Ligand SMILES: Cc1cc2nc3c(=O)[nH]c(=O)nc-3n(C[C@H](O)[C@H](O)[C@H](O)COP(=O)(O)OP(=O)(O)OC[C@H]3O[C@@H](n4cnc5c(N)ncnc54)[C@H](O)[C@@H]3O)c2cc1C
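One chain is shown next in structure tokens, namely the form predicted alone.
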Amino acid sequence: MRTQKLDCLVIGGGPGGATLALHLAQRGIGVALIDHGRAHYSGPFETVLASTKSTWQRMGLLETVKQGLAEDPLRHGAIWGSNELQWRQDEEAGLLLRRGVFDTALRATARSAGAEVYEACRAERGLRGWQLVSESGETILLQPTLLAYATGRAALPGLPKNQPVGPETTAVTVLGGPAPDDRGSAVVEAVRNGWIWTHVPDEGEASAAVLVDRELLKDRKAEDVIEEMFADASGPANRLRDWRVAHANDATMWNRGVAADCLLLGDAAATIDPLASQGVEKAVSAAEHASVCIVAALEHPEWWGRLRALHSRWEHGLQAAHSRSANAFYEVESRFAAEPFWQRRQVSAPDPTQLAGGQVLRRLATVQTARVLMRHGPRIIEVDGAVNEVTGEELARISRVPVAAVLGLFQEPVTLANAVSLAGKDPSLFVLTPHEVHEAIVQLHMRGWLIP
């Protein structure tokens, strides 16, 4: 048996895990990546927004990962909020991914950068490390300093339990023959019991991702439910012929929190509503942030617990941002407001950002100023900030606004308007606009750090 010591072991070879291994290898970190080789995807195609291309260009992905990645040739549209098909007017095309090909190419790029990549194999954790059998039949004992999971939605022993943050939902992938006139299009359509996102390439089969509440599938065959949904549709899904169910995935939004001894990233940490259609972008962005945390942990081992929590908060913050975008899109659809699927997605909670200027606020007693961790470019640094002593949550800045200075305005209960006025006399805050200070106070109120 060969023993290999390394800085970090990454479990899961999808976009998140492969990108993390790539980033670490590029920074000279000893990293190994394990992929079980049995991934299946919500569909053969995924789209990447044009706005993401500049980020991927900066990361070097567009130059190094060629396979499975091309300019999106599809015309995108929606039948949503009305019966009319509205085509999206994009100034710049996004990217079209062939997931299996793209993931394989990404792992190959990580290997070329110096990562050890083990494909089509599993590793078992023992007292001495992680034991696996390579493709050549060699038994290897991996002994990493740090561990990261990018295993998607899989439930694995030792990881925190998934905590749902939305309705229990299933995404069913359907493949079939499209109508000739639908070629070259991608259309998302709302129907009575859910929504359907149909990709129709210029050649080959079309794929339809059908999102439906799991409750509807409890006592009925998926094929019967989908047949009804296709009949309700008026877009490309209605015209699919000889279609068949390829597979079904859990599509519920959930998060896991902080793991005991490893960092969780991508869908292993927090999932987003498929309506965002940005799962790959989220995974790649999460990998970049995770790589910065892991490098910091190797330099400062005493920070490892705080860094895992820092990355977890980053994941949940991104999830919340995607959730707000998805909720706004769901609210546009009023044709089916009385249907259970759509009722479950109507968010009618009061908006906590609507604070009156005369609202008196005070600082939560468990929130204290302290030295906290913050990302600064490619590094994690320790700066003045604040921490919730009960939850352990650390916070340095809200946008450009230093949190410790804002909390200092609330040594005694004070109105929001007076606090903004006082900020103009504080050396740490007077260079900021009143609007920036106001928004920071609102965010601290939403977080529960400033209370009535």
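Numbers for residues come from their place in the sequence shown, where the first is 1. Small disclaimer: the values here were computed from a predicted structure and weren't measured.
Separately, the form predicted in complex with this ligand exists; it is not shown, and the next lines address it.
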Check your understanding: Looking in the predicted complex, is this ligand within 4.5 Å of a heavy atom from each of 187, 236 and 335?
Key -> no
Review point. Is residue 39 one of the residues lying within 4.5 Å of this ligand in the predicted complex, judged by heavy atom distances?
Key: yes
Exercise for review: Look up in the predicted complex whether residue 429 has a non-hydrogen atom within 4.5 angstroms of this ligand, and give yes or no.
Suggested key: no
Check your understanding: Though only this chain appears here, would residue 253 touch this ligand in the predicted complex if you measure heavy atom gaps against 4.5 Å?
Key -> no
Review point. If you check in the predicted complex, is residue 129 within 4.5 Å of this ligand, heavy atoms only?
Key: no
Check your understanding: Pick from 267, 72, 213, 116: which has a non-hydrogen atom within 4.5 Å of this ligand in the predicted complex?
Key -> 267
Check your understanding: What is the one choice in 323, 207, 193, 277 with a heavy atom within 4.5 Å of this ligand in the predicted complex?
Key -> 277
Review point. Which one, 384 to 392, 44 to 52, 60 to 68, 403 to 411, holds residues whose non-hydrogen atoms are within 4.5 Å of this ligand in the predicted complex?
Key: 44 to 52
**Study point:** Neighbours of this ligand in the predicted complex among 1 to 36 [non-hydrogen atom within 4.5 angstroms]
**Key:** 11, 12, 13, 14, 15, 16, 17, 34, 35, 36
